[in-house]
Every structure is written in structure tokens, then in C-alpha cells.
Ligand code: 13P
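Only one chain comes next, encoded as C-alpha cells, the form predicted on its own.
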């Protein structure tokens, strides 16, 4: 079928079935346009909790579907493509335990560690964090969550994104290190796991200098998953939702160069918006989902042959939910 034919069938099935389609901002335009709800990972989990339909089709990556299932266990959560975020794949339960063991070897006892995991992590890692008294955070609330965590008097173990952890440390005037970088973790307030987003690693200070030289009044905007030197050289640093809000409030004639995923940047506005990279920063896993995948998932509901349903082990879901709820409380 053509894309237009798939769209017609998707609309037909949406009208027939008790389903809600949600899509992350990084999805391809044709998939994004089919969504009933769109947003960043936390927004989608929260909005999905409030939705009344029994079936929820999540167009995104695996950890997002897991978060929805953990927070709304009564819903049947399906993913057209269970793609796995590259950053989330950089840490699992075993890697997490190894990190805690390495800190103990360096002189920091387990009871003196408060773990915080970025929402871009698996349910297994969220559960490990929850069991140790820790919390989940997002790029928009990471500073607030870390501030709360530091009140415990413990060292913060921040997983998996070293860039987000380092950027928050710089913002707060704190010391940070990355496990294995040769720094003594005991000298740091925030100890970061050595994970990162492959898309946001594409942006460099050279790109910023290029645009500043080309346009005198351009504003440089970056996501906190970018390298610290990129964020420090930017005019504004914020989460996906914060970037969208910031740009909407600017004069339409204001030129901006944005360091985040291509599909989002491409949708921001018609003109005066540039991607802060000489290459196309497109998330490969977010872009795995196609209209055909979405159609096949809807058809599986119609045919009562459900495919790609998200499941989370009860014990994992229990502790992961606790870690998420601690974030919501703050």
C-alpha cells in the first residue's frame, strides 16, 4: 500500500477501535500526524494515564512504552515498533550493579549513594534505582530532582546520561565526574555513568561558531543531552518542551539554530530555523516506526491477534513505579 492508503486505513481503524495513538516529538512526520496525543516522554506518560481508552498505541522507543505500562498497568500498551533507545541500551541491571561496586571499591559505601536515573532508561534500571531509594528525572526537572537528592547528604549516582549530569552540575556550581575517567569519585557531588545520546553528540562548538559568524544576531539553542561545552556556548538550554516554548515566544524573524533531533527542529516553524549540525541529526531508533507498522498494530487489535504488547515483570514494575512516583511527588 502507499502511504496515503495506509493513512486511510489507520483513520478507519482508529474510528472503529477503542484506541489512542500517541507519538513522541522525534517521530517521522507521517507517523506524528496520525497521533491523538504528542509530546515528550514524560508528557506522553502523564497524558496516557488520563486517557480513557483501553488500548494505547505508543509510537516511540521501548523505555517510553514501559513507563506508560508501569504507570497505567490496566491499559494494554502496544508499540508498532519496539525500538530501543541507544542511550537506554548503554546500561542494564548488571552494568548498574557494577557501577555501584566500583564506587564501593573507591571508598563510597552503597548506603552513601543516592541514585537518580534519567527517564531514558529501562524499567529494570528504574527498578534498581527505586530499590536503592532513588528517583527518576527528566531533562526538564533534573535540576530540581538533584537538588532534592543532595539534601540527603549522599553522593548522587546519575545514570545513564553523563552529559545531562555534567550540565546540571555546572549549572549548580557542583563538582562532577564520569565513572572511569580517572577522577576520584569521592571528590565529586554528582558521579555520572558513561552513557550518552548518539544524536546529541553530533553537535559541536564549531557548529555554533559557524552560525554565529554567518548570522550576527542568531540565537543558539541546545538540549542538555548535548556536550557541556556546547551547552555553555548556547543562548538557551532546555528540554524538548522547553525548547518548543522558548522558540514560540521569540519574534518569528529571529534566527535560531537548534541542537536537537531533526524531525522536531523541522516542525518548529517555517523559516529562520536551522539544525545545529552539518549532518542530519535524526534519531535512528525513533525513526524505525513506519505507517505500515502502525497499521499492522491497529489491524492486530481488529483481528484479535495482538502484536508487540508491552509487558513489565511485576516486581520490576513495582520498584520502577516507586522511583517514578518519587519524581512526581517533587
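Residue numbers count along the first chain shown, from 1. Since the structure is predicted, the reported quantities are computational estimates derived from the model, not experimental observations.
What follows is about the form predicted in complex with the named molecule, which we do not show.
When contacts are judged by a 4.5 Å heavy atom cut-off, residue 293 does not count as touching the named molecule in the model of the complex. With a 4.5 Å cutoff on heavy atoms, residue 200 counts as touching the named molecule in the model of the complex. A residue is said to contact a partner when one of its heavy atoms sits within 4.5 Å of a partner heavy atom; residue 26 meets this definition for the named molecule in the model of the complex. Taking the partner from elsewhere, residue 297 is found to have every heavy atom lying beyond 4.5 Å of the named molecule in the model of the complex. Proximity to the named molecule in the model of the complex, defined as a heavy atom within 4.5 Å, holds among 99, 166, 234, 240 only for 240.
For the three residues 41, 118 and 139, a heavy atom within 4.5 Å of the named molecule turns up in the model of the complex in every case. Comment: 18-26 is the region of 318-326, 305-313, 5-13, 18-26 lying near the named molecule in the model of the complex, near meaning a non-hydrogen atom within 4.5 Å. Shown without its partner, the chain has 200, 223, 225 in segment 195-228 as residues with a non-hydrogen atom within 4.5 angstroms of the named molecule in the model of the complex.
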